[in-house]
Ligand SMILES: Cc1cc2nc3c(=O)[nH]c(=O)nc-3n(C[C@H](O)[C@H](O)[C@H](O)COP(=O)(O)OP(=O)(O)OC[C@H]3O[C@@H](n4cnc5c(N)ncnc54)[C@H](O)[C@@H]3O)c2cc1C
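Heads up, the chain below is alone and in the form predicted alone; it's given as structure tokens.
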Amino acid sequence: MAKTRLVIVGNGMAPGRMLEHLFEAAPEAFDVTIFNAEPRVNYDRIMLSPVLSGEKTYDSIVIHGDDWYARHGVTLHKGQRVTGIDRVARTVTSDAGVSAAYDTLVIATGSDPFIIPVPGRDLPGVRAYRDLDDVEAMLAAADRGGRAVVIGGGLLGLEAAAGLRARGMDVTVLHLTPTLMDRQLDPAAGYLLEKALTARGIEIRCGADTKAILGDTRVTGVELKDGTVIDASLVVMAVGIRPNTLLARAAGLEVNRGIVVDDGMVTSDPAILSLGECAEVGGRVYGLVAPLYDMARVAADRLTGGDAAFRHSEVPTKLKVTGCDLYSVGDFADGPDREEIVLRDAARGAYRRVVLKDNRIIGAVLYGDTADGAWFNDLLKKGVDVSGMRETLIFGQAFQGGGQMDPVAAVAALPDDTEICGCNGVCKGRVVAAITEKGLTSLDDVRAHTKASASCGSCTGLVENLMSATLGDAFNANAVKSMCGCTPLGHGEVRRLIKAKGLKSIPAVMQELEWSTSGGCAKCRPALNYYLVADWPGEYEDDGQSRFINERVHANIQKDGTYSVVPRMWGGLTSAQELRAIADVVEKFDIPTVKVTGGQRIDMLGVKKEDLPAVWADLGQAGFVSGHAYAKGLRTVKTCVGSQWCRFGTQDSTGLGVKLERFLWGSWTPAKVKLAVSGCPRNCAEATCKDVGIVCVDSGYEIHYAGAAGLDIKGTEVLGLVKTEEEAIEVTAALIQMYREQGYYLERIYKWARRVGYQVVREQILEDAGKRREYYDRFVLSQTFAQSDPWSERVSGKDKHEFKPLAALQPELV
């Protein structure tokens, strides 16, 4: 059966979600071609503000990477704008001259930013705030410093202002009306918001009408109609958007404010659908993600023969500025037929206002404490008669029923169709079903399987409460939140903020992230030291005093206070010369025990601490370097004899093991890392219980990872098959780098992989060649600063006081 030729103009969040539904319902039914004016893949546009502020990166907001399109057979034309639609021939043509025929066309051209028509609007330095190019331009401006003027005190404008302020710019916000976000907030909440932003160092000027943007060759300032002039090196226009309807209008489709569609997202041409910000349905156009995702669901259903229909519903508004909690939904304008209930708590900076009509909620504004937003919205959507709870309504769900309910019990009491995540339209019932049916136990798992809290993240607390209600003691949110007693932040949050804020020393981390202790503790200092080493190669200087004793002295302390020393033997190979040198050292220093380890190395046990430098010196003269047997880093690459000696060996496993160990040694990782390479499926090197294992087969190299054979016993997961040694090395290095960048300190690979998801690892390391190469390149860069032998450094005198015995003091006799 021939596939339906589906052509999509635009590659934003709405068509991306539509394709997800489509591939789930009918994976083989469509031959999909996408034209995207932007030169990139589909990303989460509502996360641009966190990218601007430095809380996220572009990579972290990509929704569908190149591998996703390849896996679904989608032809994606990046950086190509469609210039014409021939509705008779049913073809579209791009500005690059590429034509594509369609059976069904979907127009998802989004919207364009509105630029106020004032003199100077075209000057360099004047930007809209619409896509990643705008963000990158603002980041470049922020690097140069100076003052930014943001015109528009709505959602986007305030998020831009907060992001630029976080990047170090002086920022002034100009807003035409008397209070901020006047379309979403009432004046009282607007006042509180202005107060909070001012406290953050952002200048707010309400009632400010822009007359002109000043400058000759680039922007130098903004002049207001009252004569005020504000210096500026950057001006950001964030005053609204307009549906992009040019293409549809030129094609003769019915267009009003947007491209007119029916409730099935079908335009005036039955062969053409439209969705997203460019579409007008029921006389409305939308700019928030929740209704756009609903359009995507309806469009996908219609394309697969269903009869789903789009229905308008009120969409809550939230501001993505850390620390400014606000929530508004519905209609909260004054009116003679309306009542309002207001709660003000000046001490806490909290404000609540619920607007009623005929004993039903029609609007709500919350500032400061927004935990009840979803509950108010649920009452609004369902038209619940609230007369019976009117006396306690404003206090929220926890105070209904005559007593105060804890947050977990409150979310447990919500009906299954209560919307938990507004960004992604996820209801309580879906989250609970995913938790119970798939055995999910972590927030990341729930995000991965349901998308709840995966976008702006403002519903994270609600999702965690729902997990607590569903899992009980099996869900311990605190266990993953707190890094140690010095901070309430979890490892993930600390890692993210180190990068976002550019923190490059332990004191800087503790100061900026508000550590509660002056110098940290034995839990957080080693972790911070690792994160800084991993994140800032070449910039951060390793702090040896923040390492545990074994890493500090580069040997393993034993129960009697002596140490053991393990020289590196590449891939498990040794020679007569090396064995002779080891024997000489053992005799010279009277080392009592010599043992072969499970990782095919020789361990010399019982070395006195003061003898360590001399032992290392002798071993160094024989060509040895440290085996890092004490390290949170690469330890050994175990091998079998492979095709050189074994009758069953299919590849040179020993040679590959040597190459891997020489390439990877010295790299610091969240926890110890052990590798193995087996020459055939008989697996004599036991590769299938290692952190990373390679099993050589006739067709190439099977990459395994996430095994364990210590406190936990776990077989590996299969990452995939590659054909050459070079590919095997690249995949291994990229995998380790991904682990280095995402793992929590002391978190083994198997725990990290389970946390982030095996499929995610597979997608980024095996299926996305570009991303794999990026990880690989970052690993190579890091290694240029890592591969120095700590033993030789100590022999040369570094921290030599560490190995001097304490002086023997004798009491003076009188």
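Numbering starts at 1 and runs along the sequence shown. Worth saying up front: this structure is predicted, and the values here are computed from it rather than measured.
What comes next is about the form predicted together with this ligand, which does not appear here.
- Only one of 769, 37, 29, 756 comes within 4.5 Å of this ligand in the model of the complex through a heavy atom, and that residue is 37.
- The listed set 529, 397, 172, 80 contains one residue whose heavy atoms approach this ligand in the model of the complex to within 4.5 Å, identified as 80.
- For residue 761, no non-hydrogen atom is located within 4.5 Å of this ligand in the model of the complex, even though that partner is not displayed.
- Proximity of residue 691 to this ligand in the model of the complex: non-hydrogen atoms within 4.5 Å are absent; the residue sits far from the partner.
- Taking the partner from the other structure, this ligand in the model of the complex has no heavy atom within 4.5 Å of any heavy atom of residue 702.
- Taking non-hydrogen atoms only, residue 287 approaches this ligand to within 4.5 angstroms in the model of the complex.
- Per the 4.5 Å heavy atom criterion, this ligand in the model of the complex is contacted by stretch 48 to 56, the sole one of 48 to 56, 785 to 793, 769 to 777, 744 to 752.
- Counting a residue when any of its non-hydrogen atoms is within 4.5 Å of this ligand in the model of the complex, the hits in 228 to 257 run 244, 247.
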